[in-house]
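Okay, here we've got a single chain as structure tokens, the form predicted on its own, with questions on binding and movement later.
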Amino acid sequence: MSILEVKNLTHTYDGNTPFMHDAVKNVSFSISKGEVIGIIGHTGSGKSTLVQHLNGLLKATEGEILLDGVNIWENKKNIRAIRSRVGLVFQYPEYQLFEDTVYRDIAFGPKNMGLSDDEIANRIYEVCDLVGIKRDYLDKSPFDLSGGEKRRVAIAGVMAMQPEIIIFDEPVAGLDPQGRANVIKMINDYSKRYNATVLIISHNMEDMALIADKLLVMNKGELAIFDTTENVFRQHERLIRMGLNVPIVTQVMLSLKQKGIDVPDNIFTVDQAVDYLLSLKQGGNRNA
């Protein structure tokens, strides 16, 4: 059974006014435990509105969200527990830090779950090791840290609740290449360690190629494509018509193909391109 299922979800803003519009229209999909799902789409396609339904921050105009087969709104009193199971990391989460020490900021979520002091401490140390926060930073003010370190602390605060599903809205926005790589590694490590289900909104196709098992493509509020990352990126012409693109290395390979060079259409990362080019140099199978 799917861990998360979205059924016929529609969200209408400004209902019964001249400004009424559907931000999400009749969207349905299901996700299995442990999958990493990339969510892509042009600005205004409904991505952020969609994910805010998954832990009850928004309530659908029509349709339902099922967590382990149960409607998350079946009992309104349980919605706080749902938000512990489905964590949401907003874009620029470092702007939401507020406690006077790193320790207390990371502890905020677990404390609200009613965990003991010992369990909270264990989770904090565990997640700090996972995301690369030094133990001697725990007594510091989060506001004395660098931008990248603040983001680690903010993400650690959600991870410390150990949600079964964790959603990231543009987690690498504004970061340099090394910062992006660090955040992607953190997300990947969390997913593997806890067998967690991960959803990531991103405009960065290179990152999606590296981490996502599947891609969910939103277009004008509707679900346009939901398939494996490879199958989605193979539809490059359709993506371009929707205002999207494929990874840069894929664009290079497609350009070579247009020039008559026989290259495969399933190269989406630099490592894949290097392996393929090395195989050519060594006289390997050109379509491997």
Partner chain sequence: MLKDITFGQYFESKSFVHKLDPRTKLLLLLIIIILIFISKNWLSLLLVALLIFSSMIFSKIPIKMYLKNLKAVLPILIFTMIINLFYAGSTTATPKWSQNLFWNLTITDISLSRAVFMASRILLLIIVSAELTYTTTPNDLTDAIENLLSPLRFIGLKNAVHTLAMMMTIALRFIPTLIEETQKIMNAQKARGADLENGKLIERIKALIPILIPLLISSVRRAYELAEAMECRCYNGGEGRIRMKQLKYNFDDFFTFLIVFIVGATIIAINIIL
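Only a predicted model underlies this, so the values are computations on that prediction, with no experimental measurement involved. Numbering follows the first chain given and starts at 1.
There is another form of the same protein, the form predicted in complex with its partner chain; it is not shown, and what comes next is about it.
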Only one of 130-138, 193-201, 98-106, 115-123 has residues with a heavy atom within 4.5 Å of its partner chain in the model of the complex, and that stretch is 98-106
The one residue among 26, 235, 61, 52 placing a heavy atom within 4.5 Å of its partner chain in the model of the complex is 52
Only hit among 211, 186, 158, 216 for heavy atom within 4.5 Å of its partner chain in the model of the complex is 158
If you check in the model of the complex, is residue 72 within 4.5 Å of its partner chain, heavy atoms only? no
For this session: Using the partner position in the model of the complex, report whether residue 57 sits within 4.5 Å of its partner chain, counting heavy atoms only.
Result: yes
Would residue 88 sit within 4.5 Å of its partner chain in the model of the complex, counting heavy atoms only? yes
